[in-house]
Structures are given as C-alpha cells and as structure tokens.
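The chain below stands alone and is given as structure tokens, in the form predicted on its own.
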C-alpha cells in the first residue's frame, strides 16, 4: 500500500487496484475560441493546470495504473440529452448548437476532443458521458468492477461540476477517492476552494485531497524502499 500525505488524513492505496480519472480536459473547455470562452469564461485558469495534469498522467503510466479519460458529450441526434439540459443557457450557445469548434458537446466534433497533450494512448479508457457524473448512462461501474478497481485518483475540470459529481458518485459506490488539488480547476477559483473544503469536511465525507508532489513523493519513497528489499 502507498501512503500519501493528504487531507483530512493519510490516503492509502494499492496502485494495482487504482485508476487515474482525468475529467473532461476537452478543447471546448480549455482552448481560446472554444465553448467555454464563448460563455465569457477565462480559459487561462483551466489551461494553467495542463502541465500538472500531464505530469500526473506520466506518473500514472509509469506506475502501470489504469487511466480513464472522460468527455462530456452527446450523440449527434441529441437523443441522450435531456430536454432540461438541451434548453439551458442562451440561444445559440446550447448543446448541439453550432459553436466555434463545431456543434457544442457533440461527439466527434473538434471541440469535443481531449486536448492533444493529454490524448489517450492504447489501452486507456475513454468514457463519453451524457451527464456531469462519469457513472450515469456510461456502463463504467460494471467495467471498474470487472477490472478490480477499488481506488480512484481524480484530476480535471471543472472542480465543482463534473469532477465533484463524479467523485460523489464514486463515493456512493464504495470507491476510495483522492483528488489532486493542483490538477483540477474551475473558471471560478472560489468554487474550486469551496469544493476542496466540502470533499474533506467531516473526516473526508467525499474523499481526500493531496498535491501532485505528495503523490509523487509517496510513490518515490515506496520505490526506494522496494529497491532496498
């Protein structure tokens, strides 16, 4: 077991039974000229975490962890998009409308792709989710059970929406969850901080949080000790 210095207490996990989940690092959310920017958001806040997420992804790959990438996305005919979601927002900036990078949040469109620096490689899972959470209408739960996964390490955007929703879904299903603080972000910094506080409140009611440095140090310490045995 690997022990990570975390909040509200040490997070211990077995890398062989752990998956890294990178939530919604999509062009439309992160790149200038995308859907997020069209809504008036400062995408530079989200772009700032990309190097950290890249380092986390490299670390997970080196450790042989399962890696899962999610995309918030819908079928071209929007048959998997509830009317309450389809009609939300201003006209012309709704799901399925033509956007700066193709139809907004529609699978196969340029803006719906994961940014190139975090592109999935062979054997990594890509989960297209029609909701905020990664378990809703995706079949991911059954796949994780079949894979023997018990621990989930989270990164991605946005902290208070799709990341937190996915963590809460996972917590309800019995997974032990760790969010990497510097590998997640929001368009609204106060929302990110509030989410981090909520996750670790009351003894870790949703899960744990830690920095990438803490995770790296824990894995490095274990590797050094393994070499001495």
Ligand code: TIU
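Numbering follows the first chain given and starts at 1. Note that the structure is predicted; figures quoted are calculated from it, not measured.
This next part talks about the form predicted in complex with the named molecule, which is not shown.
The contact residue chosen from 201, 39, 58, 48 relative to the named molecule in the predicted complex is 39, the criterion being a non-hydrogen atom within 4.5 angstroms. Note on contacts: among 67, 162, 170, 30, the single residue with a heavy atom within 4.5 Å of the named molecule in the predicted complex is 162. Across the options 117-125, 151-159, 136-144, 86-94, residues that bring heavy atoms within 4.5 Å of the named molecule in the predicted complex belong to 151-159. Although the partner is absent here, residue 72 is a contact residue: one of its heavy atoms lies within 4.5 angstroms of the named molecule in the predicted complex. Contacts with the named molecule in the predicted complex, taken as any heavy atom within 4.5 Å, map to no residue of 91-113.
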